[in-house]
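To begin, one chain is listed below as structure tokens, in the form predicted on its own.
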């Protein structure tokens, strides 16, 4: 069991250490490591963890790591995965804080961060495309996806409200489909 805990910690430490740009930027690494390499979760479960992680308090990367760790090894697994994903950030932030006075004024750092921002955008776009192929399975999902995207692009709305509205819309559409099917079966 110790070997499994160590693999879990090191996997999430690698994800946490090589992800720049927040929780969404870590999605491609998570897909590769926990879905494709280890099979700890499915693509759909990962999307569910992201959705719930977005709606719960805290950092999305920590929430997702906690969910996956708990799924695998209960509460100890959740704690170990969480420690793994935050450990690199704590170490890096501590080092940066010690050198902060010169860090953001350094020409090389400024250019490096510009490059990192561009790569993060590309990684997020890749993850979105991959998740859309898995998550949008029928016309109901497509309608909810397009409506949500349009609302998010036009308005500045809390993700919690958007997710709650998408849940309600999904339930309403499915209830209407069920009602229509039931009515059709009665004829």
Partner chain sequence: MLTTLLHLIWEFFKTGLFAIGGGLATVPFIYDIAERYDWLDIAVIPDMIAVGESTPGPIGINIATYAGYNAAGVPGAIIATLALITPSIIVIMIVAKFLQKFAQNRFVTGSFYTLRPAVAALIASAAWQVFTASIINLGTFTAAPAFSSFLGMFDLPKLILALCVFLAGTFWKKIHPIVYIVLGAIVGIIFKM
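Positions refer to the first chain, counted from 1. Computed from a prediction, not measured in an experiment: that's the story for all the values here. Here, rigid core means the biggest group of C-alpha atoms that superpose within 1.5 Å across both forms.
Beyond the structure shown, there is the form predicted together with the partner chain, which is absent from this document and is the topic of what follows.
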property	result
Residue 159: touches the partner chain in the predicted complex, heavy atom cutoff 4.5 angstroms	yes
Heavy atom of residue 35 within 4.5 Å of the partner chain in the predicted complex	no
Exercise: residue 41 in contact with the partner chain in the predicted complex, heavy atom 4.5 Å	no
Members of 68-88 lying within 4.5 angstroms of the partner chain, judged by heavy atom, in the predicted complex	70, 75, 78, 79, 82, 83, 85, 86
Post core alignment: residue 6 C-alpha displaced by 2 Å or more between the shown form and the other one	no
